[in-house]
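Encoded as structure tokens, the following chain is the form predicted alone, with no partner shown.
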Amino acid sequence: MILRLLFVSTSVGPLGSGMGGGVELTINNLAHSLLLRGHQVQVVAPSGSKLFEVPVINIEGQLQVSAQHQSRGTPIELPGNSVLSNMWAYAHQVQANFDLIVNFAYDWLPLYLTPFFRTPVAHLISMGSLTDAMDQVIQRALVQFPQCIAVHTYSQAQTFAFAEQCHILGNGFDLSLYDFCAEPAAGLAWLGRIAPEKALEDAVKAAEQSGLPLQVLGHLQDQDYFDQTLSQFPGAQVDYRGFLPTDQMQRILRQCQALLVTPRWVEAFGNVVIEALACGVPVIAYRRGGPAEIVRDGETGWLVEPDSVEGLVDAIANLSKIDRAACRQQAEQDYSLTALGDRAEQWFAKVLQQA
């Protein structure tokens, strides 16, 4: 069955800006996996958004504050001329043209609006439990529409009281965009949004103690935090390369000995982990959240105790034990666009059956 799908994007930034973190890559990859199967996909996103070969309706409006910068008790707020409300007003207006609407915003409004749509709405939740208001509205949506919620990993699901009701979607990538590198140069990589919850400082400290340069790639969200991190470790060899398109990013990443993944919080998935593995780059990650479900300890990288810089340093010293070909093989087996499309179609079928 060919589906007409409307994707409603995250409301924290335009697609292609890096402000939306891993959600931006997820939307792009999921759209491509479904287009390859003949489905029709249209994306609604904040003004300034761009996707390759996927039609995007750009919507004006004020951006939302990202949820990870709010406390558990933060009240529900919408700015004036909210892009979130504007995107969902558009979705409501055109809903008859689609078989299913898929929400990618980790926000209260789309979940609250679900029963007011005639067209079924599915929600891909991109983060673990962060606020009481979100937990409550997700649970309420599940009571009314038991199949409507998907998450990326079991670790993410376990942060919610309703974990057993969540579909596990994982993720998938166009692996042809990532080139395998068997012989890296000397050095490490760190890839992601530069913000306190990502704990870049741990990676910088570990690289300094290991005597290796560190390539830093990603959206610079918090300049003060970045400047403070660099000032703490004046002996570290840190090269910030910016937020780059996939082709340019993977040229740098694939030449590195390992990717360091150091979040302070429970990552829902860890797209950067798969991007590294696809290049044959081992991953050294804290044993926390989604990355801990992906990295095969001792085979495609090393898992270390959360927040242990000493553990990172020890793992760096043991990188020679990791076969880079095994890293690429894992990406091909588990995280292709084909695998993602299979899982997405199974989830969508369940959502549509209950409608």
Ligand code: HBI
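Note that residue numbering begins at 1 and tracks the sequence as displayed. The structure displayed is predicted, hence computed values, not measured ones.
One more form of this protein should be noted, the form predicted together with this ligand, which is absent from this view; the next part is about it.
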item: Non-hydrogen atom contact Y106 with this ligand in the predicted complex at 4.5 angstroms; value: yes
item: Partner proximity in the predicted complex: A344 to this ligand, non-hydrogen atom cutoff 4.5 Å; value: no
item: Touches this ligand in the predicted complex: G22 (any heavy atom, 4.5 Å); value: yes
item: Contact test in the predicted complex: V309 vs this ligand, heavy atoms, 4.5 Å; value: no
item: In the predicted complex, the residue from N28, S66, Q330, S49 that sits within 4.5 Å of this ligand by heavy atoms; value: S66
item: Contact assignment for this ligand in the predicted complex, among S155, T229, S126, Q215, heavy atom within 4.5 Å; value: S126
item: Stretch in contact, per heavy atom within 4.5 angstroms of this ligand in the predicted complex, of 234-242, 106-114, 275-283, 177-185; value: 106-114
